[in-house]
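Listed next as structure tokens is one chain, alone, in the form predicted alone.
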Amino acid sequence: MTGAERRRSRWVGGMALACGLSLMLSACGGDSAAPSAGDGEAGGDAKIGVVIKGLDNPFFQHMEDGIEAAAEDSGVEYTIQAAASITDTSGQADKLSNLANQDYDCYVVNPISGTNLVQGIAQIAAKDKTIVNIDNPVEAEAAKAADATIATYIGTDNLAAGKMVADQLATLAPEGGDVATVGGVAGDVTSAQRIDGFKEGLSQDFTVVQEVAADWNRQEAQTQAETILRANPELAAFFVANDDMAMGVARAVAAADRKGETLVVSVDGIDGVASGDIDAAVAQYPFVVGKMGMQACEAAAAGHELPAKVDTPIELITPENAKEAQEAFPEPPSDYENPFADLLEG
């Protein structure tokens, strides 16, 4: 069964439980991420509540697939809720607060911002339940204010990802030149770390001439790139903080007849590299992030001490290995360490 099929199945099953099929629309409204229980064989001891970002972004669809796959493997009981969109901070916070009032042993949180889930996190901490933070980190001060201890953080080393892209850009454009960066939502920690890593990794032959935010939106990124190219017609490259925005930037580059002259490099974008729209990317693996989040809860329930921080795998994607990466996805094409699987097997 595909991830999309699982999502449709969970939607129907979850709404039926909550409202009855005959009352699905009238009684329950249109929440896009209803609760779910795993379909695997019995055997998981933990009951896990999960809140992730919006499924309007494929990245978080793959994360959801990883969560479901881990739950199916173990038979653990779980509920997953997704924000209405990747900018729905208040709606996501309400979802976590609702789950925090229920009886879960462990919570997996994927906050939209570093602070938007602090109320629910405080509720969970007051019950002395395990909190596993994935993908986007909860700000340390916010956790402290909530009197909460994050058991483990699981996600991409975004500084390292940005630096890896910068290294590859130096290979693609050894003569250097002017570059521009396109980030996500202004102030977003993940976006900022990727851009900071990229700038730190740039050789002295490159100069960052402009930095913009495009709200993780493809059309906005295209519009911003068009404006930048008019002001900098000889721009050597764009660094873009995610693949969806990178595809918008690639459109602007093509429209300006600069394809092959103005390079587009990004975090994520396996398919874009394979199609030739993106020149190089560093891929993350949200499926692995989701899977590890669930395994961390299972390991905690089994009494294991969790590592404070786990960097999930990243891979440099070029035209030479893009097909191999496509075939391996949603897992990386090469082996990686998974300390939670090791704990569960030990």
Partner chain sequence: MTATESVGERVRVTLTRPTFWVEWASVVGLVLLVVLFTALDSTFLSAGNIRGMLLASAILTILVVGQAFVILTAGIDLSVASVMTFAAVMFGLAMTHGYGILLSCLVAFCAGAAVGLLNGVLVAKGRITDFIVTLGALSAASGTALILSDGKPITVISAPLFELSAGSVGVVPYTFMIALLIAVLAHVVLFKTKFGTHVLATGGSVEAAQATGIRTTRIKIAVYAISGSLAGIAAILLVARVGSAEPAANMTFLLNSVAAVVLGGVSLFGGKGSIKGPIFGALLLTALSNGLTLLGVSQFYQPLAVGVVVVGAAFLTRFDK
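C-alpha atoms forming the largest set that superposes within 1.5 Å between two forms make up the rigid core. Not measured: the values here are computed from a predicted model. Residue numbers count along the first chain shown, from 1.
Quick note: we don't show the form predicted together with its partner chain, though the next part is all about it.
Checking 154-162, 206-214, 106-114, 140-148 against its partner chain in the predicted bound form, the stretch whose residues place heavy atoms within 4.5 Å of it is 206-214. Heavy atoms of D244 reach within 4.5 Å of its partner chain in the predicted bound form, making it an interface residue. Within this chain, D94 is remote from the site of its partner chain in the predicted bound form, having no heavy atom within 4.5 Å. Shown alone here, G276 lies farther than 4.5 Å from its partner chain in the predicted bound form, counting heavy atoms only. Contact between R230 and its partner chain in the predicted bound form is found at the 4.5 Å heavy atom cutoff. Just one of E226, E72, E261, D88 comes within 4.5 Å of its partner chain in the predicted bound form, counting any heavy atom, and that one is E226. Contact annotation: of the candidates Q222, Q81, T190, T130, the single residue with a non-hydrogen atom within 4.5 angstroms of its partner chain in the predicted bound form is Q222. With contact defined as any non-hydrogen atom lying within 4.5 angstroms of its partner chain in the predicted bound form, R251 is the only contacting residue in 247-283. In the core-superposed comparison between this form and the one not shown, M247 has its Cα shifted by at least 2 Å. When the rigid core is held fixed, the Cα atom of S275 travels 2 angstroms or more between this form and the one not shown. With the core superposed, Y104 shows a C-alpha displacement below 2 Å between this form and the one not shown.
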